[in-house]
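Here are two versions of the same chain, shown separately as structure tokens and labelled structure 1 and structure 2.
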Structure 1
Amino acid sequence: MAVFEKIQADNYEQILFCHDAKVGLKAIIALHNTALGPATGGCRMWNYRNEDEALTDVLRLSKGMTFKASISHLPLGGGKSIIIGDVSQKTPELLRRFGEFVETLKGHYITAKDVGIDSSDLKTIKSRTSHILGIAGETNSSGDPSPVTAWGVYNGMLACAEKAFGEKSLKGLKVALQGLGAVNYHLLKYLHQEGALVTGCDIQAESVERARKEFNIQVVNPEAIYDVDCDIFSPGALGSVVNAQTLGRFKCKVIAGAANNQLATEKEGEELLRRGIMYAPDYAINAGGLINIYHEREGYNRDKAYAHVAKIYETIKNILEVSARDKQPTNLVANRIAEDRVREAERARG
């Protein structure tokens, strides 16, 4: 598909291609929609197989940020940026040059942390732009987003448990955690405190050992996680894990987790509904990180931010109730809610 066809297909506002051969920078900044506020979303550095794959990823991610901000009732739009290349190629010069490109957008795009970019990288980028959030260790910083993202996922799980099992509690429920990295490590703390029975997996041996040692979880190999008999399956690593190949393997009543883009296509949501599996739309349940950094703009207060993130419980509960009432897949219900709010903002702007 040609570039403009991709942009027009989902009504993207602006795509900026950033190139500086001297420092080795190839980057793309995508602004999907700014009707609700400035486009906000992290910068990802990844060694994409080709430029088409990179463009597809940044477009998909920026649209997801529009929906994430909208469903969470934040005055923010959807944006994302990617730097093409292996993280071993990162240099201060490359990061500073990227910051200069962000600055040219004059606040229409606000960047933050994503895969391949850490807080020290954000500090380097900030030397060239003020339009950046989520730098750990700085004054008014919301810090590492992993703990608060986990807090949001936990509250979303409680809404699912209440709807599926009749009680706002995870005690005694069997949870299969796909991935034991930063977010799910913190999620494990909440699950352990509640008395959930956890089975997990990860490709990193050190993450597996830490989870086993601290929380005494059961461990399976990554491919076997789909076959675990559980109440809640929680994707916390890869995208597109709910697909034609995995649908028949799930032995759960709920899918709720931190990973982005969990459904391979929207059709998987319809199939989950048909099979009686409750799905918490990913961009709604994992919005804690975005809600958290939003509070930096008001003067960061941790208690206030965490209280706001806890409202993900209400967001998921509402989606589940509308889905049950209208007999519609939860992913389509969430999309409709998010799109309606964006359209309302567009109409207000004329």
Structure 2
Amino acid sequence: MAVFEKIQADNYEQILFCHDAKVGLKAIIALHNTALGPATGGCRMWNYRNEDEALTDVLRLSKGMTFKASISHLPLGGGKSIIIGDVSQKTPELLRRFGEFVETLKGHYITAKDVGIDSSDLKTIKSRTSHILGIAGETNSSGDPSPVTAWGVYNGMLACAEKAFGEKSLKGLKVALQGLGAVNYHLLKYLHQEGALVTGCDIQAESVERARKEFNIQVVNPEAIYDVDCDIFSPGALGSVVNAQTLGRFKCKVIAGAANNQLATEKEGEELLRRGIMYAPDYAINAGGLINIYHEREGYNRDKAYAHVAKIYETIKNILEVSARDKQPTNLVANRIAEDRVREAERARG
């Protein structure tokens, strides 16, 4: 597909192709929509197989950020950037040059961390642009996003438990955790405190051992997690875990977790509704990191940021209520709410 066909399909505002042969930089910055505020989203460095794959990825990711910011009622738009190349090719010169390109956008795009870019890379990028958030260790930094993402997921789970089981807490509910990494480790603390009965899995033995030792969880093999008899299935590892092969295996009433892109396609949302499984849309329930980082713009205050992230409870509750009222899949309801807010801002902007 030609570049403009791709851009027009989802109404992208601006795509900046950045190139500097001297430092070996090939990067793309995508601004999907800025009606609600500056396009905000991390920078990913990845060894894409080809440029088409890179463009497709940055377009998809930046549109996702528009939805995430909008459903979370943030005054931010959707953007993302990618640097094409293996992380072994990462040099200070390349990162600084990338920072200069970000700076040319004069704040219409705000960058942050994503796969392949760490906090020390962000510091290097920051030497050339002030439009950057989430540098760990700096004054005003919002810090590691994983604990606050877990806090958001926990609050979203509470909304699901109330709607699905009439429970105000997760006490006694059976929760299956797919992945016991950074986010789910913190989520486990909340589940443990509340007295949820957790079964978990991970492909890394150390993560499994940590969870077993500290929280005494039941452990199953990664492939068996789909068959676990549970109330809530919580994806916290991979994308596309709700797909044609797994749909028939779920024993849960609720799917609510941190992973991005949980549904293989939007169609799976309809199937979940048909099967009576309540799905908390991924970009709504896992928005804690974005909400938290947004608070750096106002002078970071942890208590304020965490109180804001707790509102994910309301966001998910509202989606579930509209879904039940309109008999529509929650993923489509969330998309509609997010899109309506963007359209409204566009109209206000004229």
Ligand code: NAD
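Please read these numbers as outputs of a predicted model, since none were measured by experiment. The term rigid core refers to the most C-alpha atoms you can superpose between the two forms while keeping them within 1.5 Å. Counting starts at 1 with the first residue of structure 1 and goes up one by one along its sequence.
Enquirer: Just to confirm, one of these is the form predicted together with the ligand and one is not; which one is it?
Expert: Answer is structure 2, the other one does not fit.
Enquirer: Is residue 118 one of the residues whose Cα moves 2 Å or more between structures 1 and 2, with the core superposed?
Expert: Yes, shifts by 2 Å or more.
Enquirer: Answer yes if the Cα of residue 23 shifts by 2 angstroms or more between structures 1 and 2 on a rigid-core superposition, and no otherwise.
Expert: It does, since the residue 23 C-alpha is displaced 2 Å or more between structures 1 and 2 after the core fit.
Enquirer: I want to check residue 296: does it shift between structures 1 and 2 by 2 Å or more at the Cα, with the core superposed?
Expert: No, the C-alpha position differs by under 2 Å between structures 1 and 2.
Enquirer: What Cα shift, in Å, does residue 49 show between structures 1 and 2 once the core is superposed?
Expert: With the cores aligned, its C-alpha sits 4.2 Å away.
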